[in-house]
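As structure tokens, one chain now follows by itself in the form predicted alone.
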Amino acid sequence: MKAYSIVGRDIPRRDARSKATGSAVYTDDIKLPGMLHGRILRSPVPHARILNIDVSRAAALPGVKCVITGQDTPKIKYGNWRLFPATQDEYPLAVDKVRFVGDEVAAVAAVDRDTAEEALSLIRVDYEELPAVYDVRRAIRKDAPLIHEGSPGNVSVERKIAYGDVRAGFREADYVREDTFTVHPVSHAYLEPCSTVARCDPDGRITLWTSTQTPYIVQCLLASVLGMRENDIRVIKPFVGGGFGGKMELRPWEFCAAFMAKKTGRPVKFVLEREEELVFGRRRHPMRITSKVGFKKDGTLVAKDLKILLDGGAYNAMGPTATFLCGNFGAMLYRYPNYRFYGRHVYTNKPPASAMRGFGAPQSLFAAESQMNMAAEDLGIDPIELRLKNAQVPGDVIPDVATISSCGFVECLREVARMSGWNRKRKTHKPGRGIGVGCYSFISGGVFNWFNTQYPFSAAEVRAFSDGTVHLLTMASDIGQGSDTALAQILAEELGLRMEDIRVTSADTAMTPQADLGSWGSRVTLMAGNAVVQAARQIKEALFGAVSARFNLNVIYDFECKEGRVQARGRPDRGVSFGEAVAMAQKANRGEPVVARGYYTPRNKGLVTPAFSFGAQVAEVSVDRETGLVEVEKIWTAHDCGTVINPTAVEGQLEGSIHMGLGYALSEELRMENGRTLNRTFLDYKMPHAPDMPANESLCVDTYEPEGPMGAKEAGEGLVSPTAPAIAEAVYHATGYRCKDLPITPEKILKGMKK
């Protein structure tokens, strides 16, 4: 691997001091003169026609300045942005029907929050209740109540992937198994509840401060539903207290704040309560996964047939994308010569499911990795050896979907076996103690070549100054993952500067280059990083020309930016400071600023992504055989994220992923009854706490991704997927209980042990 001076170092995050001292400004900290406070009225029933809404008493309450219903709005639907316009099925406020308990019906803006809350109680809504359906298998039956007209059988989206001959593959298989897995909904549980503040300028333009991970997408969708021009809306992302996919869409409160600010002429703020987030908020898709796999007796995979029903809840949200992706993830990690996927996104009368960290991978890979472990036992082959036999390697092709470029999966498997002492522990475990393995692969940003746009996927602007500093402007959104720091490291490395020489302005649609699709799909380091590199190289080209002219050097000299200087390589005497070089370039161009813009859009990189990460994880657990309580003793991870930009940041992503995977595997669950979420607080929603975190050890396998900036690729979302299957296999190793329906609870373990 190439030696770098800034990239690969443990650089503290740029926002660390602000967050540690409490000076970071989040959306809820914003207070504007004359600001009103908004609240949303939600449906108490899961499925009903709206017959009438009477807001007169609420509007007459002293202190209430605005009350709106769906009938007051432009009645324009929105949804999965421009990826699948036909799937846009959601109004900001319900117009004709409500489809889940919590569906947004009306909004109030008042002089204070208490008055707004009181006004909600004065709104009268007449509903005609309709039959509801809560189970995906029931929802697709012919006699099921129809949730959306135009979606027969309540199936909103179908996605298929197929290559090879699956039937022939199973005929040649010596061993075939078919299993059904169910995975459950969980909450993003970000620390900062959603909030937004809107202000309407005298010229009618809107400024929206909002807790989002996709400011440009919010700008586009908000303009659409308000019937405004895109650039008459400015979206600013302040500090964000976590997103994990839950803040990547336009949401009703953002529309209501903007619409009511325009109507009243006063700023309007909405802040959700934790109960609203848990009970009515977006969540990870529950799925019913049926997977059939075939092997030769020596362990060679020959075929896979995967069918998935996604429980999308009442609206599509980002479900159409998730439907395709879980089929893509089902084809990853191993060489499947014959593969077929059929996925259906199904409406039910429950809160909508949408994007959450991993975006279909945790569900699909739980099934895939569990089956690999089951097949290994039946075939009498060690689970890691079975994976090594079938592991994807560089150059492997998934027809019409992806080509694997860099891939350290084999190395990850070998390293995690070594680190964990796998061979010894697997053979000599004690009763109640077990060890298991799970693996993952993940995209480094979505390409989705069916998605046409007039804008690039990512853009960056770099301004260089004669005082030796540079200013990076990017719409990439730092939501806690540290992307502002990583992009600054890439820029500092490319220009030979120090981190303190770099200033970053990010995530403001009026200030930063148009078009970055936000923080999702682990896209920022690769895509925004490439845009930064391209802009930096244009800056260098301008500076190299100025320095070359200054010393009368011809083109045979190779120049470099190093340690704050611009110089001929190997001739430090033929160079000047970075700031002097900028001044020379400006003088040569009659004072024109040294500014460059870089762009990145993947070309000819398959249907899904320009690069994949890979990894393997081993979990060791102890299980109390009398209570069924599981304690995860230690987790080992070996992963391939290409060139490591910031080791501390990667370690933080890993530990955060383990925490989320731990809760997904063992404790977190949104309990539902007749469309209602029962656990309404964090007391009832059991996230792991700090004392529950196991010891962990990790290793980054050395690979270089040609498509990534300086060889880097994703390390944000893929790591969340292997923990649940690794723990499930370890629990089986310890107890003999095989979990195929997450989460793995003590009750299930005790019942399974009795069987």
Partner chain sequence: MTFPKFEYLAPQTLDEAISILEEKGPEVRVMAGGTDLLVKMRQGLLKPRTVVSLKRIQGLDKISFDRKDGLRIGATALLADVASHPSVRSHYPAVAYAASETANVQIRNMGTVAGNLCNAAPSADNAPVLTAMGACVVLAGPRGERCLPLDAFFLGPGLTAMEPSEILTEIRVPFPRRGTGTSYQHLSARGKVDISAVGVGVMLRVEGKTCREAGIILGAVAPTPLRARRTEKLLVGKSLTADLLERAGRSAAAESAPISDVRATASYRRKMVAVLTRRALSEAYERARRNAKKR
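Positions refer to the first chain, counted from 1. All values derive from a computational prediction rather than experimental measurement.
What comes next is about the form predicted together with its partner chain, which is not displayed.
Chemist: Does Pro746 reach its partner chain in the model of the complex, with heavy atoms at most 4.5 Å apart?
Modeler: Yes, Pro746 lies within 4.5 Å of its partner chain in the model of the complex.
Chemist: Pro688 near its partner chain in the model of the complex, any heavy atom under 4.5 Å?
Modeler: Yes, Pro688 lies within 4.5 Å of its partner chain in the model of the complex.
Chemist: Please tell me whether any heavy atom belonging to Phe551 falls inside 4.5 Å of a heavy atom of its partner chain, as the geometry stands in the model of the complex.
Modeler: Answer no; every heavy atom of Phe551 is more than 4.5 Å from its partner chain in the model of the complex.
Chemist: Do Phe682 and its partner chain come within 4.5 Å of each other in the model of the complex, heavy atoms counted?
Modeler: Phe682: contacts its partner chain in the model of the complex.
Chemist: When its partner chain is placed as it is in the model of the complex, which of 101-109, 327-335, 666-674, 493-501 ends up with heavy atoms within 4.5 Å of it?
Modeler: Contact criterion met by 666-674 only.
Chemist: Under a 4.5 angstroms heavy atom criterion, identify the one residue in Glu172, Glu230, Asp114, Asp378 near its partner chain in the model of the complex.
Modeler: The option sitting close enough to the partner is Asp114.
Chemist: Looking at Ser577, Thr264, Thr627, Thr505 here, can you tell me which has any non-hydrogen atom within 4.5 angstroms of its partner chain in the model of the complex?
Modeler: Checked against the cut-off, the match is Thr627.
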